[in-house]
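Coming up is one lone chain in structure tokens, specifically the form predicted alone.
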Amino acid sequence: MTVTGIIFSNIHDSNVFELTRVRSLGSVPFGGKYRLVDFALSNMVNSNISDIKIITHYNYHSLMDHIGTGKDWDLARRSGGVHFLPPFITAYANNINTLYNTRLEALKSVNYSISSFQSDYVVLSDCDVICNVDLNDMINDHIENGADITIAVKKFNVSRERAKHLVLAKSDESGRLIDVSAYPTDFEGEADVDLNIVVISRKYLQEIVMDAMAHGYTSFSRDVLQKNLKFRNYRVYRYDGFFAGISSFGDYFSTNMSLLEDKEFYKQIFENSERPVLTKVRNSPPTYYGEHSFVRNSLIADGCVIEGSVENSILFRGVKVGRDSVIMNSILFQDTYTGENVTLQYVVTDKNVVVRDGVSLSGHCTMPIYVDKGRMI
């Protein structure tokens, strides 16, 4: 049995437009030293999937720089490995040559590559699925039940506002999918939420893509799942581990903060020795803590210089915190520099931000302040 993995790197860019103005969602920093794409990549690599395709849209320079040859994920190989699939590999890959907005449109735009797959099965995954899942178990479940498509789901208590960004699944006692509700505007309550991880046979995926191109289908949920529920064996795979999805900038901030507040969440995601989360390795010096520094309940990456106080915060590589500065409940991206007597509360700074001496910025846990890449304040 051979498996190919496909990761969508741009599907939810608009959800966190603050962070994706100059990068794809897959390359958005997370948790001190990771990028969002690391979770999908690691889930596949830890499940012995060594042939992985990343479908790109635009703004994917930083994603290519992060992944490189794939050696940090053991994907620098002659056969298989990791490859980028920009849209429109051929003039005939998409009939109208417009940039895609959905998964099905993305698959249509790289149809030429999909038609050359030789694997038995394909695993599709978005890049913002923050979980540590054993895909082998999901693939085996798919095969044992003779499914045409298997989607991963998890039961959540969903608010009306959150439901607008989700696909909700309904299944019978045997696990067969019987209904799909895509982005409902009037739902509130407990439901099985589609985690945007799909297992499908290679032949059936090729059939779906060709059919979508012939009929102008654009939505995987509406045009594939909903229309074929009665005729195909679509099933759900229940994932019972920790999961977080990024549907807004507020979600991004709160999910990062959960790593500090919920030790069990951090443990299940990052401390599984059998399924480690892999990322690009950088040779940085150890973090320097000054004589008067104070750090509590924070994630601090290598290469930082801490002269002030850091509490309940996440600092990426190369961050410098000046003397008598106070950083609380904040996320500072790579190479952020804060001067002396700076106060930051509920602030997210992008890369290479400079905060001058004496500046004070304060947001709220429900509305953190975001500072653009390269800004000086």
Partner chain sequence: MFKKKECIAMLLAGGQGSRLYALTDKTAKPAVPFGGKYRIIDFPMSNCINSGIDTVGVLTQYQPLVLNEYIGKGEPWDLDRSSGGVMVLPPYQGKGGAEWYKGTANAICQNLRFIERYDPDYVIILSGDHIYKMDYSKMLSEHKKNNADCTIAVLSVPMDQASRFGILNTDADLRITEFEEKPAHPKSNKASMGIYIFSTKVLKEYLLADEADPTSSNDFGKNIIPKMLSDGKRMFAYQFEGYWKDVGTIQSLWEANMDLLGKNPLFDLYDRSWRIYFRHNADPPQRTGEKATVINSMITEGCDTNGYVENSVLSSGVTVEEGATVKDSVIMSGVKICKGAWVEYAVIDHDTVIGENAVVGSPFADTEKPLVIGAELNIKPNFKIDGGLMVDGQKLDELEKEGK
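Computed from a predicted structure; not experimentally measured. Residue numbers count along the first chain shown, from 1.
There is another form of this protein, the form predicted together with the partner chain, and it is not shown here; the text below is about that form.
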Residue among 189, 216, 285, 146 with a heavy atom within 4.5 Å of the partner chain in the model of the complex: 285
Listed residue that, although the partner chain is not shown, lies within 4.5 Å of it in the model of the complex (heavy atoms), from 115, 185, 79, 297: 297
Partner contact for residue 335 in the model of the complex: the partner chain, 4.5 angstroms, heavy atom: yes
Partner proximity in the model of the complex: residue 271 to the partner chain, non-hydrogen atom cutoff 4.5 Å: yes
Proximity of residue 346 to the partner chain in the model of the complex, heavy atoms at 4.5 Å: no
The partner chain contact in the model of the complex: residue 70, any heavy atom under 4.5 Å: no
Stretch in contact in the model of the complex with the partner chain, which is absent here, among 289-297, 115-123, 228-236, 128-136 (heavy atoms within 4.5 Å): 289-297
Partner contacts for 12-41, taking the partner chain in the model of the complex and a 4.5 Å heavy atom cut-off: 31, 32, 33, 34
